[in-house]
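Next up is one chain by itself, shown in structure tokens, the form predicted on its own.
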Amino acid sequence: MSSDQLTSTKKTDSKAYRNGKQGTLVDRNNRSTIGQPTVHDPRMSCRNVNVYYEDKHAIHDVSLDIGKNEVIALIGPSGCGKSTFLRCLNRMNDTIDICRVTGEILLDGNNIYDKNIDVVPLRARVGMVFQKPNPFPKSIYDNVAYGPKIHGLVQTRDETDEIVKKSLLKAGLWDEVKDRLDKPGTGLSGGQQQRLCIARTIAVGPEIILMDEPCSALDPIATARIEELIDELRENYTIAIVTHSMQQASRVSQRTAFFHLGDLIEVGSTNQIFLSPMHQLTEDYITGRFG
């Protein structure tokens, strides 16, 4: 569905929903999560997750499943907690001294916040692509090869060559860089740098890829290429993406979770969230009343 179709049908479908058997939208003051936060066969399961920055309570008792081979979009206004929650999924918040996380986040039935969990292999399994492309000050080849080398995934140059090529192919970058692998990764365009960072993430064999506004610094053409890539990657990976673009969320995701002031307000299929939201806050946000 195009963004124009979404815009033209939001008000009509929302009105039909309110007038139907479901009744009125959930009131703005109701902060409990509504919709479908759980799935039948989750890749990750988050239960009662709270995040504190010293005395500030940033995430409030969030429970949410991340389904296998799906793209889930985390949306909401700035400061709502969506990026904070995303960083909980591979313990990136551990790098912030004043941050404390409670609750359970299960991967293969194990709580990733258990004291016995080693975060290095965890972050290989649950990789992250950041808002601003951040290639290493190394060659294109070494950017991709770095992870497999430090994780002991390759022993020979031939093995390294194979992983580098496969990762760049999956990131849709191979044909553009195959003749200049020895050139600095920082010399690529912004969109190419972001795809290089995705290739670097793929190279260590992750199961889940976290993306924190991966297109916010890119032009429309580069953004479209990244969105196409996300759709292709879904066949082999589970992806959670934070985005401020409602159009992007509608294009790339199958499920959408709406956050507001640290609360997970509503979760459901992307079509349902955008066309028939159940919570007044969700409708207010996607129709541009705030955000």
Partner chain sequence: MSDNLTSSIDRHSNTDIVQKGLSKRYNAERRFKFYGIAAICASLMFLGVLFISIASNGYGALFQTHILLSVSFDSDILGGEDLKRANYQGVIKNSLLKMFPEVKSRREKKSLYSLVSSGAAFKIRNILIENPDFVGQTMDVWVPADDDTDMLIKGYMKRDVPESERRLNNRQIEWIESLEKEGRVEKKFNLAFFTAGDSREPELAGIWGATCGSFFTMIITLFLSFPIGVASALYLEEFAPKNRWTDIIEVNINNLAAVPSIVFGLLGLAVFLNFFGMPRSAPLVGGLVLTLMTLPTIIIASRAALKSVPPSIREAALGVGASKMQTVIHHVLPLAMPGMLTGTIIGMAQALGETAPLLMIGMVAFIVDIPGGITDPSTVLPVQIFLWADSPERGFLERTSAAIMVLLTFLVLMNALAVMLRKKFEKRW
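Positions refer to the first chain, counted from 1. All values derive from a computational prediction rather than experimental measurement.
Same protein, other form: the form predicted in complex with the partner chain, not shown, and the subject of what follows.
A.B. asks: Can any non-hydrogen atom of residue 77 be found within 4.5 angstroms of the partner chain in the predicted complex?
C.D. replies: No - in the predicted complex, heavy atoms of residue 77 and the partner chain never come within 4.5 Å of each other.
A.B. asks: Hey, in the predicted complex, is residue 97 touching the partner chain, heavy atoms inside 4.5 Å?
C.D. replies: Because a heavy atom of residue 97 falls inside 4.5 Å of the partner chain in the predicted complex, the answer is yes.
A.B. asks: Is there a heavy atom of residue 139 no more than 4.5 Å from a heavy atom of the partner chain in the predicted complex?
C.D. replies: Residue-level check for residue 139: yes, a contact with the partner chain.
A.B. asks: Looking in the predicted complex, any heavy atom of residue 134 within 4.5 Å of the partner chain?
C.D. replies: Flag for residue 134 set to yes.
A.B. asks: What is the one choice in 86, 177, 128, 163 with a heavy atom within 4.5 Å of the partner chain in the predicted complex?
C.D. replies: It is 128 that has a heavy atom within 4.5 Å of the partner.
A.B. asks: Among 198-206, 106-114, 214-222, 163-171, mark the stretch whose residues have heavy atoms within 4.5 Å of the partner chain in the predicted complex.
C.D. replies: Correct option: 198-206.
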